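We begin with a single chain expressed as structure tokens, specifically the form predicted alone.
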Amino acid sequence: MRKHVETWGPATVANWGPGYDLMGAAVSGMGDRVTARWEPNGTGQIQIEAITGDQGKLPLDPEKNTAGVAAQEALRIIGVTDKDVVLTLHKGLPMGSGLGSSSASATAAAWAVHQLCESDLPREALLPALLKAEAAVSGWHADNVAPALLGGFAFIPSYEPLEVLQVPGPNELWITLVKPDISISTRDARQVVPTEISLKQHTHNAGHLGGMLISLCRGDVPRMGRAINDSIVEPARASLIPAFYEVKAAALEAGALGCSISGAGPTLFAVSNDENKAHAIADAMVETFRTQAQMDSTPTVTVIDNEGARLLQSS
């Protein structure tokens, strides 16, 4: 067994277009880190020693922190009962951003336990641990944790039993993320989602989701962008984000192939097939937030992270 590890869990864009609770993608450059070490003579428990980057907002109690919940469940799955694991969580993602902050922490922590134990279990074996962690804060859904763990796009055709299908992100796909200076909790965002929909809404979203999956498998980025078309969740959540429709229109006018809400919001994501265009889209979105909502926002231009959770260093 290793003595010490440092791991990474990437940010994610979940609810990808019409894929509410069914589809998400890991994105490069942003995420959370976890360091982990053994505490000998334990009983298979998790301790969180410190958290950085959270401005003191997150609990050290492992039962109330997604990193702690995921790590504890990972220890149980792997079968360690004679040592404790001590974690330090380094937050790189803002909470309430719609970028999978809780799932990045959970993923990095579960992967830290996996790497500390030098377990030979496949990555997929950790998914129940991550689902349990997400359920503790926002509900039983895998469209954040599955891509964070596995990388690329993840599509969840079934929860009972759990099934996850992976699709690598095309090389020419560029993602523009713009986060306005507000935060939205996942629980609050889920409360505005309708529990009953019309047949027309169902066929609309199902058709676009199918088109998106086929387009991704073909590497057809323009066609995939057009499939980012949601008639159910996006309209319900639009009012939570100031000037949402104006910012989305600005993105499309600047050349975005598609644009919608990342996760629960308030971050918006837009897709394109050109890096320069992705930056121009970011500029247009930031300017529109400023002029239409009198609000600052933070842009990021990135690509799909096809690796997922990873080991940064060990000893």
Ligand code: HSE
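All of these numbers come straight from a predicted model, not from anything done at the bench. We number the residues from 1 along the sequence you see.
Same protein, other form: the form predicted in complex with L-homoserine, not shown, and the subject of what follows.
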Is the gap between residue 14 and L-homoserine in the model of the complex 4.5 Å or less for some heavy atom pair?
yes
For residue 91, is any heavy atom within 4.5 Å of L-homoserine in the model of the complex, or not?
no
Using 4.5 Å between non-hydrogen atoms, is residue 208 touching L-homoserine in the model of the complex?
no
Since only the chain is shown here, I'm wondering whether residue 263 would be in contact with L-homoserine in the model of the complex (any heavy atom pair within 4.5 Å).
yes
Name the residue from 190, 76, 226, 83 that puts a heavy atom within 4.5 Å of L-homoserine in the model of the complex.
190
Would L-homoserine be touched by all three of 4, 72 and 114 in the model of the complex, meaning a heavy atom each within 4.5 Å?
no
In the model of the complex, which of the stretches 199-207, 163-171, 121-129, 143-151 has residues with heavy atoms within 4.5 Å of L-homoserine?
143-151
Going through 231-253, which residues have a heavy atom within 4.5 Å of L-homoserine in the model of the complex? Please give them in sequence order.
237
